[in-house]
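One chain follows as structure tokens, the form predicted on its own.
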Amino acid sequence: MKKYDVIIIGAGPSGIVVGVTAKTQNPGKSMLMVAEEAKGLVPCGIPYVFHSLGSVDKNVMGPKPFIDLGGEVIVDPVTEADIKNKVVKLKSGATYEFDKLIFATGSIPVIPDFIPGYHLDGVEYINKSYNSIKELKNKADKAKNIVIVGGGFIGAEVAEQLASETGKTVTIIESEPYCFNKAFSKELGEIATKKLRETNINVLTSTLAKEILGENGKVTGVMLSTGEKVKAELVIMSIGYKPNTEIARKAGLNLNSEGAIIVDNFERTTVKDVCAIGDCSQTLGFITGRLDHIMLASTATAEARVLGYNLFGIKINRCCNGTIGIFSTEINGLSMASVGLNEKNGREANIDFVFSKFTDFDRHPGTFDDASSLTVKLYASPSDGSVLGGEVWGGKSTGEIINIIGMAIQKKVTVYEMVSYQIGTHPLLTSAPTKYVLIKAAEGIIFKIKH
């Protein structure tokens, strides 16, 4: 039986990044990555295979950087992990020994078995799997009437892409009053929902899918809580994901109430030499310190880098102190992003905060042809001015400005420090230095704190 210094279960973003980082830091160590499929997908790019990319093969991601460093990859799913005897068993029956084991098994879609008809032919899910998404795209290409249950990021982005295809009627069924409810404030959620409706999507909010209707075992439509029936040949369930931890559970690892593997700030489990990263592992909120349920590739890869550097001893004394939850998307030409605290989750966690909003153009002057309106909404502590969260919407610079706010939260920057930020500006690239949107939002919070 062959033995490796490290075996990584999973070849998604966290598995690849931990493999590359650990192998770079420890080139003499033998490492094996075990994948379920020969081809992987960029998770966040999945919605765009349905229109913008046009092909699943344009969204492929693989472990080549890990292989180039001398790592080995086997496509043969793990069926059992014996953490006591340090052995993994694969579907083919092959077994391998390990010194250290890393779970990077990701997440799987939540199956709504509480909705009658969920088992019918034509009810599909957004699996993070090359083969699964390729099959779903083939079905979506043929369908004329498509219903998506769930108006979160994946559901909404898939809906927008499908609605861009000619000859399709696309409906979103969302139980909350607005889409993106878990990540956005009410204000931004309502803006996003309006943008979705402008893309020719029938968005039904504050509505439940009561039953999936069918004939001869195939989907024909969806019965709503309002009593209305929506015609459909394809129903895509997008109501969330759960940690993929069945192998870990059978191995005897401790799981939390969400079914995620319990880890410390260095991604180590309670069992020596066994670690877990990404969607399958426990996440705590950076601000609240409470159990969180955020599953993002950006969070997963941050955890993977921490573990990769420190797998064979603490080499970089930086750990994962919790997720700040940086989300971003673009709907109908409007970029939107959020991080950390907003009115909804702040009040739920009983956190004191103040906020301020500032809007201007992302070019100066705003008369440039490619100028877009840009809004920054900043949240901070009224006691010390530390930045707690933010939302940004407008042009494409939204994506990087939210990352600046994310860094400010992690480094505990205050709005008093933010107003003295030395920034680079240019008419073709940024808003004006005299009214840089992020700094003006910080000034607005200082005014509120002092008054």
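All residue numbers refer to positions in the sequence shown, first residue = 1. Bear in mind that the values here come from a model prediction, so they are computed numbers and not experimental data.
FYI, the form predicted together with another copy of the chain isn't displayed, but the following is about it.
Under a 4.5 angstroms non-hydrogen atom cutoff, another copy of the chain in the model of the complex lacks Val354 among its neighbouring residues.
In the model of the complex, another copy of the chain lies within 4.5 Å of some heavy atom of Val17. Ile326 belongs to the set of residues with a heavy atom inside 4.5 Å of another copy of the chain in the model of the complex. Contact between Glu330 and another copy of the chain in the model of the complex is found at the 4.5 Å heavy atom cutoff.
Against another copy of the chain in the model of the complex, the set Gly10, Lys186 and Ser206 makes no contact: no member has a heavy atom within 4.5 Å. Contact with another copy of the chain in the model of the complex, defined as any heavy atom within 4.5 Å, is confined among 104-112, 362-370, 70-78, 211-219 to 362-370. Note on contacts: among Ile247, Ala302, Ile83, Met223, the single residue with a heavy atom within 4.5 Å of another copy of the chain in the model of the complex is Ala302. The partner is absent here, but in the model of the complex a heavy atom of Val306, alone among Val230, Ala251, Val87, Val306, sits within 4.5 Å of another copy of the chain. Residues Lys58, Asn59, Met61 are the members of 56-90 with a non-hydrogen atom no more than 4.5 angstroms from another copy of the chain in the model of the complex.
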